[in-house]
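A single chain comes next, written as structure tokens; it is the form predicted on its own.
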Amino acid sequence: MNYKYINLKFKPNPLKFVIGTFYLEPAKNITFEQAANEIAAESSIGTWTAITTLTKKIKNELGASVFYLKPQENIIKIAYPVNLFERGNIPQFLSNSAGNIFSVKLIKNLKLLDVQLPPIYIKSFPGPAIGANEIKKLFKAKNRPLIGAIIKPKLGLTPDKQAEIAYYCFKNGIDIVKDDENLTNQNFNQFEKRVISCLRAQKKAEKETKEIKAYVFNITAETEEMIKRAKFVKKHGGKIIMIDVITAGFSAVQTIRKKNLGLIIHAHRAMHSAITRNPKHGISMLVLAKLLRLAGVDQLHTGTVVGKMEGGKKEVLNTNKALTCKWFGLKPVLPIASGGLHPKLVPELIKILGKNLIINFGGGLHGHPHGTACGARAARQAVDAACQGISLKKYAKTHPELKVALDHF
């Protein structure tokens, strides 16, 4: 067979090519080369059979090339001419590099592990409007992680009850309090009423504590409705909006970013594991994170390593690095550790992930035996102790809320 899209002597210029790294398992009775060739063809200019409309000029200028082929590792690398991709268009990028290829019968498993993007493509996106450095500066948290709280239960509270719980969190050491991913505008907790109630609680806590606080409102909906909700938050003095970025879609995220409303965009990754979790099939969280940085989110859930959510140390560290490294002028994104966290896990979490992140507590805060206010104090105490290099056991001797949390969790 003539593998037209395999050229192991080719050395792609990183300034002119998008380079995709894939995990590949061919289907039964299909060679590794056959499968690799088909993926390169289908994700660029080819199709399942020879066609008279494909000229040599098109093939030379736009055809993808498999330039790395390691069957023993199940890894291939494909170079795509950057002109295959429309500038500033993430949906088109995914339709191209991760579209029909997952449906090809010649493959058993396929996962897009990483993408290397040329500067000309990266610079066609705005990236974060505010970014990690400005967020940390806003909250005056240069030498510690920001501390977040997720209101629990996820659903069922009224706007006034939501605001009351948020106030207890703010008053007792929490920087950021947020909606959970499935709270939007239900009849028991309508969006506009929640915004007014929770911002009232935020402003009260700011006045009393002399600290900057922020409530994060989930605006996820149809795109026009999202714009309306974001503007409502802005009008009433809010600082942060949240988007469930996978379920809402990259187009919606890009639209909100381009509105330039001056709001921090908090990206929740609900549903990502349907795409990322299988180690042999789908798209990695690393790739999604890079695309979301292009799209312009300011902070993104990436994993905890030590919490309840799937995601190993290497994966989370690589993802966080991709969000915070220098990247041709795009501002960095602030990583968020969230899922199953409680005070006892804080020292190990900070040891692994550092201080340049947001630590989100949900059940590990509200589940404190003495209630939300004590849970908030225990969370803050755990962070303060870890950042000062003091063991939690020692710190707990003079901080009773932390002592109860350590005994409970």
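Numbers follow the displayed sequence, beginning with 1. Everything numeric here is computed off the predicted structure, so don't read it as measured data.
There is another form of this protein, the form predicted together with a further copy of the same chain, and it is not shown here; the text below is about that form.
Taking the partner from elsewhere, no residue among 263, 344 and 354 has a non-hydrogen atom within 4.5 angstroms of a further copy of the same chain in the predicted complex. A single residue from the set 159, 118, 71, 249 has any heavy atom within 4.5 angstroms of a further copy of the same chain in the predicted complex; that residue is 249. For the residues 236, 200, 259, 77, the 4.5 Å heavy atom test against a further copy of the same chain in the predicted complex is passed only by 259. Stretch-level contact check against a further copy of the same chain in the predicted complex with heavy atoms at 4.5 Å: of 201-209, 249-257, 126-134, 313-321, the positive one is 249-257. Mapping the unseen interface onto this chain, residue 84 counts among the residues with a heavy atom inside 4.5 Å of a further copy of the same chain in the predicted complex.
Among heavy atoms of residue 193, none comes within 4.5 Å of a further copy of the same chain in the predicted complex. Proximity of residue 102 to a further copy of the same chain in the predicted complex falls within the 4.5 Å heavy atom cutoff. Proximity of residue 268 to a further copy of the same chain in the predicted complex falls within the 4.5 Å heavy atom cutoff. Contacts of stretch 142-170 with a further copy of the same chain in the predicted complex, defined by any heavy atom lying within 4.5 Å, are made by 152, 153, 154, 155, 156, 157, 165, listed in sequence order.
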